[in-house]
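What follows is one chain in structure tokens, specifically the form predicted on its own.
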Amino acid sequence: MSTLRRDFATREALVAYIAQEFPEATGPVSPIRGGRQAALAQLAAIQPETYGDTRNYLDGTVTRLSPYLRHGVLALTEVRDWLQQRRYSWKTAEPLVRQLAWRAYWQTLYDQWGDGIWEDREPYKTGWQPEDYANDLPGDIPDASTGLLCVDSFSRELQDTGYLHNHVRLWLAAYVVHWRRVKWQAGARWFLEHLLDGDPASNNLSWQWVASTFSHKPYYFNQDNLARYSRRRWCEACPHDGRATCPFRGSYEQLARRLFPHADLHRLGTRR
């Protein structure tokens, strides 16, 4: 087996080489750059001062460090140390440190459970039984042909770039599991096929959190939530905007009655 080249004058030369060596690889090239130099540049560019208040917005100041953390180009401790060296207050640093801690927590559970992260850790809290969920992802979701502008955009971005904002991951996972009633495992496999930061621990246990098999209630959202945190990026151009045909339209209570008719609705509350 020959050793792959590692020295390239330009990124374009690297892309051409990969296409030559792996002709079966198809699709666009992700804009995410790999390597230690790119990782350190991304670390230097993070903005802890605004991260906590804006991270849930799609145009917020997220770090985009996850691909480098996933592949060991950066360590969690390096990010922590970077924050400490710059003497950020705990109030400023805490939102980001908390996300690092979640990542470490998921990995600890993965170390304990192994392939058990592919199994329902708890029963569904949705009022539905496991057999009520489909085993396979419907073709219109990866084909980006659901007719829902937001969902189709999420699907294309996942497959074209290998990355999704965390809030988009939650919305897309909720759509798959709760609106289409598909087992979370099918969605988790799909994500891992495409995400450049696709860590099995964070991915699978987050899907289980959405599904309610690793949480006390399911995560779901409504149109107001999507419009707020996307700043109506898709709603205004969507033919379903403001119409009853939008599956996300309604209050959380109304959606809960539609999505989980057999559940104890008083326990579901709201997830934003």
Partner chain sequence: MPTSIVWVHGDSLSPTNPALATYPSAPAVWVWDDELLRAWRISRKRIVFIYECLLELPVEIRRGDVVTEIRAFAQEKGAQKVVTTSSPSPRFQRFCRELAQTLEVEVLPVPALVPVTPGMDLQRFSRYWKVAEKVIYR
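Residue numbers count along the first chain shown, from 1. These numbers come from a predicted model, not from an experiment. For the two forms, the rigid core is made up of the largest set of C-alpha atoms that agree within 1.5 Å on superposition.
We do not show the form predicted in complex with its partner chain, though everything after this point is about it.
S.K.: Which is the contacting stretch out of 143-151, 126-134, 95-103, 173-181, given heavy atoms within 4.5 Å of its partner chain in the predicted complex?
M.R.: Among the listed stretches, the partner-contacting one is 95-103.
S.K.: Though only this chain appears here, would residue 240 touch its partner chain in the predicted complex if you measure heavy atom gaps against 4.5 Å?
M.R.: Residue 240: no, not in contact with its partner chain in the predicted complex.
S.K.: Taking its partner chain as it sits in the predicted complex, is residue 61 near enough to touch it, meaning that at least one heavy atom pair lies within 4.5 angstroms?
M.R.: Close contact is absent here: in the predicted complex, residue 61 is far from its partner chain, nothing within 4.5 Å, heavy atoms only.
S.K.: Using the partner position in the predicted complex, report whether residue 29 sits within 4.5 Å of its partner chain, counting heavy atoms only.
M.R.: Although its partner chain is absent here, residue 29 would touch it in the predicted complex, with heavy atoms inside 4.5 Å.
S.K.: Do residue 56 and its partner chain come within 4.5 Å of each other in the predicted complex, heavy atoms counted?
M.R.: Looking in the predicted complex, residue contacts with its partner chain do not include residue 56, since no heavy atom lies within 4.5 Å.
S.K.: In the predicted complex, do 14, 77 and 198 all put a heavy atom within 4.5 Å of its partner chain?
M.R.: Affirmative, all three are within 4.5 Å.
S.K.: For the stretch 104-122, I need every residue with any heavy atom inside 4.5 Å of its partner chain in the predicted complex, listed N to C.
M.R.: Contacts from 104-122: 104, 105, 107, 108, 109, 110, 111, 112, 114, 115, 122.
S.K.: Please say whether, between this form and the one not shown, the C-alpha of residue 258 moves by 2 Å or more once the core is aligned.
M.R.: No; that C-alpha moves by less than 2 Å between this form and the one not shown.
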